[in-house]
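Okay, here we've got a single chain as structure tokens, the form predicted alone, with questions on binding and movement later.
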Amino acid sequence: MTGVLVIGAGPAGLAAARAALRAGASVTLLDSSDQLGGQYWRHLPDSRAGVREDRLHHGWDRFRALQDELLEHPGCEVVPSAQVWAIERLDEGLVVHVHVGPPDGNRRPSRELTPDAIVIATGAYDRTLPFPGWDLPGVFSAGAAQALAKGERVAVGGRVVVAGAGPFLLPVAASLAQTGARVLGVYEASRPRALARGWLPRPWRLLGATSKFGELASYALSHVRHRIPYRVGHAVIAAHGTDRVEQVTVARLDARWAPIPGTERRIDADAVCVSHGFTPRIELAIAAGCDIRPDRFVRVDDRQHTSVPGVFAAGEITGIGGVDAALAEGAIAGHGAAGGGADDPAVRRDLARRATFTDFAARIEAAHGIRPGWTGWLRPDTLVCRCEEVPYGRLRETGRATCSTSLRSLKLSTRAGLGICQGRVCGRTVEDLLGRESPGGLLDGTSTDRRPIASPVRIGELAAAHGRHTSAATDAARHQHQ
């Protein structure tokens, strides 16, 4: 029986695990959270579940069906709170190193897995462009604000502004309103012409995405019911306050996202939630040796197979297409990991849905993708890397002074991206800004996604792992000598 390891229990990972089981494989499903569902289906724990949990989640019945099937299947091992901290490439194959327990725990049980096939479905996290004051308490990524709203029923503030780019702003505003926050406005950076260029061409291709129209209608009704203004071509370009956010400055943007002088206005607010799209979590895919496309997503074939034998990828690490794309890709990847073919009847419907929602992902990028003029709202003292407190001015000056085209060298020179988050918040932005200071761009071929250790590990845990390997090698040598 084929043993399939699925990393990530969001929509793509859940669909992959179910497809692999139905194809006859045994499955081990890992997730860093203590419950299944990922960010999309983040929810209260069963011990204090809401009476109408479905009101906060689209497709809640589908999630419950997926979860119940996996938990009840004798061939599926579900391991929550599992931190995959490294994937090691050896001659005999890939070894997946896992610690089980809280991320900040000590002496966590460790596991080393050598499956026949792996499905990587690690998802994505918010990309937030910096602006003056974004380091103030009260500034949240939109994903963090939604996680608190859906997973804890906590509103991040009483008067909240939501800003950035992309459809994700709509469910964030709806979640905040349902937790009792007053959402003062949603500010989308893309202008009407850009939105039309992204969404209107070849409208017949959207016919298969009718579920999205239902979601959009529910968000529109929520905005009307809670009287939430929606403004396109606007951005939060600064946050103000002493100990926390007290006001934000909103300005109109031109087509390149540069602020238009004279359009600024201040809004009293105690929180601001910002998202300018998503960054795929490709650290483990890179560690496994998977080929990465120029747009920084994992390259896959029609079976969701990566460039590495036995390794498949699904969901937002292959493109930001939403939950429907993730479910379709996950089903195809899980089926392939279990030995199935792309032309099998079991995945025919998923192949069609993948085609539809791959087009949907391309439309999101065309309509809401980041434009280069956003640096116009930065000041020399605006922090770019909050962990290491590296301001924009110093980042530019160092890049110009060193004339370096190496990202690794510039990170060491500026300290940007070397803090506790390891560049997860600022990494893409640091690459963008430093690349602009080098006439030919950054040429060393590295990126902030390349992390041999993908999640924090205590030195004691590494020492314990080394001790186990040493002991095992000694025992093997002693046995061979005897």
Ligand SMILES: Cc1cc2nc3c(=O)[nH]c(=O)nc-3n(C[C@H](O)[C@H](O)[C@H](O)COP(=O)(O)OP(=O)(O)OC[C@H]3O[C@@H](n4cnc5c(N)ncnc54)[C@H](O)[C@@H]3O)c2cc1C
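Everything quoted here is computed from the prediction, not taken from an experiment. One rule holds for the numbers: they count along the sequence shown, beginning at 1.
Although not depicted, the form predicted in complex with the ligand is the subject of the following passage.
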Quiz item: Might residue 399 be said to contact the ligand in the predicted bound form, defining contact as any heavy atom within 4.5 Å?
Solution: no
Exercise. Verify the contact flag for residue 128: yes if a non-hydrogen atom of it lies within 4.5 Å of a non-hydrogen atom of the ligand in the predicted bound form, no if not.
Key: no
Quiz item: Is there a heavy atom of residue 323 no more than 4.5 Å from a heavy atom of the ligand in the predicted bound form?
Solution: yes
Quiz item: Does residue 356 reach the ligand in the predicted bound form, with heavy atoms at most 4.5 Å apart?
Solution: no
Quiz item: Any chance all of 146, 168 and 281 sit within 4.5 Å of the ligand in the predicted bound form, going by non-hydrogen atoms?
Solution: yes
Quiz prompt | Partner-facing stretch of 178 to 186, 245 to 253, 381 to 389, 76 to 84, counted where any non-hydrogen atom is within 4.5 angstroms of the ligand in the predicted bound form | solution = 76 to 84
Quiz item: Looking at 340, 157, 151, 123, which is the one with a non-hydrogen atom within 4.5 Å of the ligand in the predicted bound form?
Solution: 123
